[in-house]
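Below you will find one chain, with nothing else, as structure tokens; this is the form predicted on its own, and questions on how it binds or moves follow later.
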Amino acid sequence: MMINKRHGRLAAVAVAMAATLAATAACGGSDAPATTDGTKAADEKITLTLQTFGGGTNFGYKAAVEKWNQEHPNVQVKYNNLTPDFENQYWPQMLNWLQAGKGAGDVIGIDEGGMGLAKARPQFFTDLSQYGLDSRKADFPAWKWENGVNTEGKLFALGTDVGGMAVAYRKDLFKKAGLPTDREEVAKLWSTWDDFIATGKKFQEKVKDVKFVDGLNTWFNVVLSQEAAKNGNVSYYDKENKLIVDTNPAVKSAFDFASKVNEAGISAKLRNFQDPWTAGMKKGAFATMGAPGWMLGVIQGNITENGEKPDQGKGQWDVAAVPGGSGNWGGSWLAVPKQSQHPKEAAELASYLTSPEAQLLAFKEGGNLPSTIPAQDSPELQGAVNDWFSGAPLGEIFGPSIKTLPPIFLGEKHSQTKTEVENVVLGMDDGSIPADQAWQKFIDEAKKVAEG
């Protein structure tokens, strides 16, 4: 098992999830035999399994997969979004499948937090340059491309989206609190994070049955993504994979902000990507959420039941600028496991799904901000407006910043560390960990991961 012994708990979670995920997982990838060179025989019809994660519209691939299937009658894609939770469910289970040599799909999504470990496990993944995908290099910013190159110097993954940052807010709840609802006026409420908390307190004075923010964890990540860019573009680990949670000002600033939110009493105390959080989103239990581009798809997808009720909640939410400028929270890659029986076709699918065309389809579907330069420069993105989010001009809000988003280095053990330290933030939020003890416990849990 690739996870350290310290993380037996994560392995146990993965085992517990196996029964659920296996119902939609591919057993060894494609369902048809391959030729000796890994390509399909003439006129052979095969099915490729695409596995992703995330809430709401997740990777935003519904339309892109439908288009592929229409144009490739002999190579059909079965699309399985396995779970909303990457760190606790998807990634531990995926590592089990990769280690076992069966269970993983032909193309799999990997969140930024798992890329450090994935890069260090070249034995799990296909070298995409074998199928000409190294020709795609000019499509991507250098950092996005380079993070898909493993420790052996081989291309194993192509980038899907990037983070970006904004605040999604409920206009009706702001009106109830006597606050402005116009997005430009809302942004003026919080030029700083202290202003944001002060606005939350004003909201809470007027509205007693709804909280201002969803939970500490979401906002901890928003601030961490901003502060990391100001402190060497690192978070929990430095670029030599040394743990720095106790010395990196970015981590302490994010933690201190979460502590202030907790002390202000403006949190709904909901853990993101869990069922109560989704339910709270639907019933209006909180008024704001930190929103990188992909989070907009989570909100809209959850409330509209992934498009089954497209007008449900339409016009309630809007999008405003975030305090402190932008930030790079999120972004994923697609890789082809070596266990795929059809690596050539899987590589072609990965290339298509990360093409400017497919990235713009994903942006339209779920708000996932493209990582390819042609898509970022396109009029479709620059002029984009989201009617469901009250006509928010997403191109204007996100467009100017995404081309200059800095890459944040995430170490090999980032995902495991993130799980443990965020459990401390969540414990502070729900009261199970005393606030005056939380920072030391945060450091202690991170050290256990790093030393395990």
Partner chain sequence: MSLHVDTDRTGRAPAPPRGSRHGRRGSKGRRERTGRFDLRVTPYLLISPYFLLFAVFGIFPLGFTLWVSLQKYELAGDAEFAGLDNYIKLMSDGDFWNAVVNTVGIFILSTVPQLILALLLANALNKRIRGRLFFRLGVLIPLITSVVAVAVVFTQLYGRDYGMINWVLNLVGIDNIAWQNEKWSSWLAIATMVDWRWTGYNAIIYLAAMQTIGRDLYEAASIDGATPRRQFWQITLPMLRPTIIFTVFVSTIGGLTLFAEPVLFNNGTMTGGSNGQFQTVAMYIVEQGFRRFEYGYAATVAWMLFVLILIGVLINYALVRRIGGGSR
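Numbering follows the first chain given and starts at 1. Note that this is a predicted model, so its numbers are computed, not measured.
Not on display, but discussed next: the form predicted together with its partner chain.
Only one of 160 to 168, 113 to 121, 344 to 352, 219 to 227 lies within 4.5 Å of its partner chain in the predicted complex by heavy atoms, and it is 113 to 121. A heavy atom within 4.5 Å of its partner chain in the predicted complex is found for exactly one of Leu128, Val261, Leu95, Leu173: Leu95.
When you look in the predicted complex, the only residue of Leu426, Ile46, Val65, Ile408 with a non-hydrogen atom within 4.5 Å of its partner chain is Leu426.
In the predicted complex, at least one heavy atom of Asp275 sits within 4.5 Å of its partner chain. Using a 4.5 angstroms threshold between heavy atoms, Ser378 stays clear of its partner chain in the predicted complex. Using a 4.5 Å cutoff between non-hydrogen atoms, Lys252 does not count as a contact of its partner chain in the predicted complex. Within this chain, Ile443 is remote from the site of its partner chain in the predicted complex, having no heavy atom within 4.5 Å. Contacts to its partner chain in the predicted complex (heavy atom within 4.5 Å) from stretch 426 to 449: Leu426, Gly427, Asp430, Ser432, Ile433, Lys441, Glu445, Lys448, Val449.
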